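Heads up, the chain below is alone and in the form predicted alone; it's given as C-alpha cells.
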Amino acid sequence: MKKELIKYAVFALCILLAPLVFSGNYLMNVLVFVGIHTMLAVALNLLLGYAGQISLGHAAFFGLGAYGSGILSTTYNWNPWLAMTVVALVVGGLAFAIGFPILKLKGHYLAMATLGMGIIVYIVFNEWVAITGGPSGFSGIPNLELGPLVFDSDLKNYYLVWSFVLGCVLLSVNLANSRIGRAFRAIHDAEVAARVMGVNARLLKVQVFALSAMICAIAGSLYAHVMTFVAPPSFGFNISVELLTMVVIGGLGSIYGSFLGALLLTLLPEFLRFMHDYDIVFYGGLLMVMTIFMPGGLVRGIPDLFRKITGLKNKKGGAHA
C-alpha cells in the first residue's frame, strides 16, 4: 500500500504542476478534456478491467449526468452542486436497478444489452426536444461557483476537473487494493470459483456497475458546466467505443493505465481531423492492434518492451565480450 501512496503522490504532484509547464488556453482546454476522459476511463476500467463485465453503453451515463445537471441548474434554477449530487445518485440508482437483469448476461449478450441501453438514451436526448433541445442541443448552462470563485476560465476548470479526477483515482486505487477489489478480480478470473468461495458475485457486479455509472454521471456534470452546452453527438455510440479503446490501450485492470489511454485518445483526434467521420475506423484498428500485440496495454507493454530492448543489448554485449 505504501508503494501505491507514493505513486499517487507523484501523479498528484505532476497534475498540480502541469499548468506551469503546459501554459496557454488551448493546452489547458485539452487537459481539461483529458481529465474528464480519465474519469470515464477509470469508471469503465473498474467494471471491465477489475470485475470483467463489458459495457458499450457508458456514454449513456455520461450523457445523463450532463443533461440532468444542465437541465436542473438551468431550467429549474437548482444550485449546480446540488444538481450534480442528485443526478449522480439518481443515475447510480438507475444503474443499480437495471444492473440486476442486464448483468445476468455474459459476453457478447451483455455487450449487446448495454449497447441497446446506450442507443435508447441517445434517442431520448435527440427526440425529447421540449426538455433536451433535441439535435440542436441545450445551452445556457451556468459555470460552477465556490463562494466568490467562479470556474469560468480554462485554468480554473483545469483545477476543478482534476480535483475530481484525483479523488476518483484515490477512491479507485483504495477500492482495487481492498477486500472488495480482490473479490472483483476473483469474479473476473473465475466467477464460478468465486461463488464457491462465498463471494456474492451478482450483488458485487451490480454494485460496481452502479459506482461506475455514478462516476460517469459526475464526469458528465463537470462536462456540462465547463462547456455550458451539451448536444446528443457527445454521448453517442462512438463515445462508448472511444472509452473502451482508452481502457484497453491504457491497460485493463490498471487505474493509471486509464489515464494513459485517456491522454492518448484525447490528443489523437487533434491529429485525425482530416479523417472526419472515419476516425472510428482508426480507433477500431488501434484496438485490434493493441489487443493482439500489447494485450496488457501501455502501462504493462512499455516496461515489457523496455526489458526486451535492454535484454537484447545485454545479449549483444555478452556476445562481443
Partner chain sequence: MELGNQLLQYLLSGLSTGAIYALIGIGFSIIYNATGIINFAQGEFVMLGGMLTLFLMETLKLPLWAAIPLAVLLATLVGLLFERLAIRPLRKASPISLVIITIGGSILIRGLSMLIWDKDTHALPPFSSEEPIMIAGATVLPQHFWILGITVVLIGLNKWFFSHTISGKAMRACSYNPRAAGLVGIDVRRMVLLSFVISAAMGSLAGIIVAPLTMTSYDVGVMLGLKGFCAAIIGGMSSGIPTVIGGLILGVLESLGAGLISSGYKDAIAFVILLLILFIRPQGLFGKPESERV
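Positions refer to the first chain, counted from 1. Just so it is clear, the model here is predicted, and its values are computed rather than measured.
Not pictured, yet referred to below: the form predicted together with the partner chain.
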Listed residue (144, 239, 227, 113) with a non-hydrogen atom within 4.5 angstroms of the partner chain in the predicted bound form: 113
At 4.5 Å between heavy atoms, is residue 291 in contact with the partner chain in the predicted bound form? yes
Heavy atom to heavy atom, is residue 263 within 4.5 Å of the partner chain in the predicted bound form? no
Might residue 149 be said to contact the partner chain in the predicted bound form, defining contact as any heavy atom within 4.5 Å? no
Does residue 28 reach the partner chain in the predicted bound form if we count a contact as any heavy atom within 4.5 Å? no
Contact at 3, 16 and 166 by the partner chain in the predicted bound form, all three, heavy atom at most 4.5 Å: no
Given a 4.5 Å cut-off on heavy atoms, tell me which of 244-252, 151-159, 79-87, 215-223 is the interface stretch with the partner chain in the predicted bound form. 244-252
Even though the chain is shown alone, can you say which residues of 104-121 have a heavy atom within 4.5 Å of the partner chain in the predicted bound form? 105, 107, 108, 109, 111, 112, 113, 115, 116, 117, 119, 120
